[in-house]
Every structure is written in C-alpha cells, then in structure tokens.
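Have a look below at one chain only, the form predicted alone, in structure tokens format.
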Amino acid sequence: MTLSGLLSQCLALVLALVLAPLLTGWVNQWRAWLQNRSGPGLLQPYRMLHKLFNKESVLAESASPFFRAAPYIIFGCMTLACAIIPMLSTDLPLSIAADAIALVGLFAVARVFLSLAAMDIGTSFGSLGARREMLVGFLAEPALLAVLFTASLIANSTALTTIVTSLAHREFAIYPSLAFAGIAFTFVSFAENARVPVDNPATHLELTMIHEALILEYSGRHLALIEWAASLKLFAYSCIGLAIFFPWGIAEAEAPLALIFAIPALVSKLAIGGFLLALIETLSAKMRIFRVPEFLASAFMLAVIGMLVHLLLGV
C-alpha cells in the first residue's frame, strides 16, 4: 500500500460521506424547481441528519437486537461500497479485495438486512415494504450484474479499477454494447434507489411506497444512519455510472497529482447527473407496482443484448 493509494482511498471515503447528502439535496432542489416549487434548501439533508442524530431513538417493545444493529450494518455496507468504486483514482487499496461481483453483493447484503429489520417488528407496513423491496432486488440484481459483465468483457476483468483504466484509455467511440448497458443501468438505478417511476421518495401513501414502508419504525440516530445510507447508495450508483460510461477525469495510479483535477471533475459530473435525474423524474409518472417486473425485465434484456453485441461483433 503506497502513500498515494492511502491518500486517494481516504479522500474517496471522506468525499462520499460528505457529498452523498449534498447530491440528494441537489436532486431534490432541482426537482422542486422543475415543478415550479420553491422546495427544500440544498443543505436540508444535512439539517435533517443533524436533527435525527440529536433525537432519542424510540424502539418498539418487540424489537430485537437485530433491529438495533441493522442500521449500522446497512451504513457500513454502503460506505464500503463507495470505498471500492474508483470515483477519483484507480489507486484504491480496498479495490484489490473486491470486484464488481462483490460490489453487487454488498448492495444485496444491505437490502437483506433492511428487509429483515422491517419484518422484525411484525407490522403490516414493514412486511409489505420488505416483500416489495425483495421483489425489486430479485429483478434488479441480475440486470446490474449483466451491465457490469458487459463492461468486464471489454476490459477482460471484473475489477472495477481495471475496467475504468481500460475504458478511459480507449479512443473516444460509441460502443453499441455500452449503449445498451447504459440504458439498462439507468433503469436499474431508478429501481434500486427508490426513484420515480419505480417508487417516489417523497410519498407517504401506504399502498404505493416501498422504501418508506421499510423504515417507518425507525427514529433518531437509527433513522439518520438509514437515510445517510440511502444517500450513499444514490451516490455509489452515480459513481458507478460515471466510472463505467464516463471514466474521463479519474486519476491514474501513476499520477497522484491528478487527484487535484479529479475532484472538480467528479463534482461537475455529479451535478449534471443530478439535474438529469431530477428532469427524468419530473417528466415521468410513477408506475403501478405490477409493472415494475416488466420495467426491470426490460433492463435485463437490454443488458443481455449488450453482452451479445460485444461477443458477436466485438464492439
């Protein structure tokens, strides 16, 4: 482990923890502006986290130790996921121990713990949200793996740093396989982050919500950790998309000074991506829960077509 690698790893972790709530606030603010509303402030997610961390956690009498431990495990999984994604540099010591498949596994572990914690209390809303969350995860994870395998076939490796290095050093060209994978990844990102059209993060209607139903029984610091983890998940998916489909601006392992330019490049790309996310959500309507399998099946088919295009045509 080199000094530059340790520096880039720590910097990536700090930026993920700091910028994740800011990205959520940026998306919420643009969504409000596009709907002709004043909306919350850009720093509202930080205020919410500060308020929740200073409140007392109220637990149900039937809550088990698993219910108390789940928020910490979920937050840890999301933090570790952000640590192995090459958002600033390809010189990441933790990336050696985890590849694209392990990254999907971290998302799956967090989902399982969140769903089991929601069912731990025994309320109907928690069980309803857990079933819907597992349905979405069951359909979204194969599509996400297919997207990552498409990029892996091009780079001949499942290591995220190798994928980013390989794609960044290629000539600027439109790869049909990556075009299909990019559309599929967009569909999966909406589903995994509980965004419109799959779910509405601002809803409080019991019959339509997914993510909100999972966390109804949490409060105080436990709810703060889960909300922070949700922001980290959106940040992680954004960085995955940028690293695979827009890898330019990410520093190489041999050029540690390039980190100075990688930070503004990352912030700029996240700002543009957050605006596009808010725009798509504004132009879309939430679909019925029974249409979600068709939506994610389309994502899986597009990702598989991307792999087939690369295998058959080599592009």
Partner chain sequence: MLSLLPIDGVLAVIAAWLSIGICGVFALRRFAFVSRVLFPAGGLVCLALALFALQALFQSPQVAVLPLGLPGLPFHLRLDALAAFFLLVIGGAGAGVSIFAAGYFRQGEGTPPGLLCLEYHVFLASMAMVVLADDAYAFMVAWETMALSSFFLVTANHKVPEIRDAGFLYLLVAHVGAIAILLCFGVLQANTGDYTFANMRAQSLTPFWASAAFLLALFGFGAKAGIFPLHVWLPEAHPAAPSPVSALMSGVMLKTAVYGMVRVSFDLLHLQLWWWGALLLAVGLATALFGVVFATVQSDMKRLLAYSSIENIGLLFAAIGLAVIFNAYGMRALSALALTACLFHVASHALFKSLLFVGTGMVLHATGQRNLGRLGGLVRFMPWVAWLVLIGVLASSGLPPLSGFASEWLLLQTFLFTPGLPHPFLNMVIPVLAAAVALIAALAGYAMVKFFGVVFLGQPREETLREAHDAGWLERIGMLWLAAGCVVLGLLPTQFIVLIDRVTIDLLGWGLGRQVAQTGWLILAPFSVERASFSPLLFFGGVLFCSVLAFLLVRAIYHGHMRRAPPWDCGFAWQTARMQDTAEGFGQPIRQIFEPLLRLERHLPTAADREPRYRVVVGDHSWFRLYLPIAHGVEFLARQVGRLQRGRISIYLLYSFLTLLFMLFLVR
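Because the structure is a prediction, the values reported are computed rather than measured. Numbering follows the first chain given and starts at 1.
Below, we refer to the form predicted together with its partner chain, which is not included among the displayed structures.
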Within 4.5 Å of its partner chain in the predicted complex, counting heavy atoms only, one of 72 to 80, 239 to 247, 181 to 189, 195 to 203 shows up; tell me which.
72 to 80
Option touching its partner chain, based on a heavy atom within 4.5 Å in the predicted complex, out of Leu42, Ala63, Met287, Ala258
Ala63
Does its partner chain get within 4.5 angstroms of any non-hydrogen atom of Asn54 in the predicted complex?
yes
Might Leu106 be said to contact its partner chain in the predicted complex, defining contact as any heavy atom within 4.5 Å?
yes
Contact with its partner chain in the predicted complex for Ser166, defined as at least one heavy atom pair within 4.5 Å: yes or no?
no
Would His50 count as a contact of its partner chain in the predicted complex, using a 4.5 angstroms cut-off between non-hydrogen atoms?
yes
Only counting heavy atoms and a 4.5 Å limit, does any residue of 293 to 309 reach its partner chain in the predicted complex, and if so which ones?
Pro293, Phe300, Val304, Met307, Leu308
